[in-house]
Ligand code: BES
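Next up is one chain by itself, shown in structure tokens, the form predicted on its own.
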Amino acid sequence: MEIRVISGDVTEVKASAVMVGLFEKVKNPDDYTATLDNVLGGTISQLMSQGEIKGKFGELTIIHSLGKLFAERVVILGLGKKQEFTLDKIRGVVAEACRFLQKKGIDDAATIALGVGVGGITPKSASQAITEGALLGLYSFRRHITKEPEYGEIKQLSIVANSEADISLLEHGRDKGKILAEAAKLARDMVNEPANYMTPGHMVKMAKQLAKDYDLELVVLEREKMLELGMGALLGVAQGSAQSPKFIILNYKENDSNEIDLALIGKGITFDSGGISLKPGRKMEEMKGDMAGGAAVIAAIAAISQLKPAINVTAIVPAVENLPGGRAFKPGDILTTMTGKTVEIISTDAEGRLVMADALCFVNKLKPKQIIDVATLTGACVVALGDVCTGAFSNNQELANKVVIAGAKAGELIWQMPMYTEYKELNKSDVADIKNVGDNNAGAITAAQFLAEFVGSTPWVHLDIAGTSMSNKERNYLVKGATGVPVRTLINLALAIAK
């Protein structure tokens, strides 16, 4: 879909539909809505007085102009309570409206810059939110579907500028919103791919293409190099699969210093059967998405390279399959990590923390200023926070605060969880330095405490996206399937650090 910025009178916009907003409990239309109401002979006011248009958030009302406007239809978007209006609500209502219009067969729409002047919303930020909402809300994954889609596509969305002076601001917002949305869509594509199309080798191919497109430095470590480095935990997980493990490193450098300002690590389990500790068969197909963390950091660094903040970022993905077999690692085994720390295996289905442990060891040797790791790590985090919030675990409150703020700006909610030292006791082993599963309690926290063993004193935040990486239904700009969380959070964080 092309998103363009135009200037002119909203009554003269040529489109199949033009969208304007209305806040809840407003007695009379104002601004653009009032202008359209006047040309339509008071139709909007009449529907408001009759209670058909209430302005409640997400409410959509379509009015046919019957030749009174250049646009064939006017769509009134309910914006909800004015005092509660945010940029994320712009994303949400635009996404819902675009899907609504698409199902009506409309392929050309226009919208005003919604919410400008409310709660500090600027033309630039409104344009960015509109762009993100439209692109993310209309996302679909149809690569393996041969049947033609039921509905056509919206080919063009125009954002109408209030004045010539706003055009440049709207264009800047549009351009940034497109980069963020396309990055999230890239992560969605990767996660939605079945595991036979998204193997560790396929992840490397994608990383190579992105490195070429966006001038990133790429290094891929093969099994022999991982063995030389002592990545026993990662290789232990990989040994049950015929797919060779890959350790993907992408570097973005825009700072004169050789220091790494931000290291991103993403769990890349391209399929997780649970290994010898086999998962139940029901819904095991969803385990193709266990590489959502890896997809997120790859997509994020691709977007960061386009936005060009003056920092150095390294993204790392340990990519492996976790399968049962005659060579698979077993409960009771002891694996040795890159640091030399030994791990007793209680469950082979707690494999994510093992590959992340060696990745954290590797990254720490590079001495980054701060580390963010992203992983679909625990079902316990889903129990604690559902699919609404990502769980955050940290050894540094200042960095944790930055991550939460970056998430809020993206509309990707993050809730910080406790990391009290008492939880570390649950990971103690009788036969090794540590075990890979605690007891039945506080599973998300004990998993984070396991990772913390390999972080040291480097400022670090672990994001457990087990609940937020997938959605089981359409909700605002999320669609069924992969969400692309927390790609936009990571991008926002990099931009904030650069400032």
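A residue's number is simply how far along the shown sequence it sits, counting from 1. What you see is a predicted model; the values in this text were computed from it and never measured.
Just so it is clear, the following notes concern the form predicted in complex with the named molecule, a form of the same protein that is not shown.
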query	finding
Options 73-81, 342-350, 326-334, 208-216; stretch whose heavy atom lies within 4.5 Å of the named molecule in the model of the complex	342-350
Contact flag, Ser394 vs the named molecule in the model of the complex, heavy atom cut 4.5 Å	no
Contact label in the model of the complex: Thr378 to the named molecule, heavy atom within 4.5 Å	yes
Partner proximity in the model of the complex: Ile249 to the named molecule, non-hydrogen atom cutoff 4.5 Å	no
Interface membership of Val461, the named molecule in the model of the complex, 4.5 Å heavy atom rule	no
His202, Lys409, Lys369, Lys279 - the one with a heavy atom within 4.5 Å of the named molecule in the model of the complex	Lys279
Sole residue of Ala442, Met48, Val437, Ala452 within 4.5 Å of the named molecule in the model of the complex, by heavy atom	Val437
Every residue of Lys267, Asp272 and Met287 near the named molecule in the model of the complex, heavy atom within 4.5 Å	yes
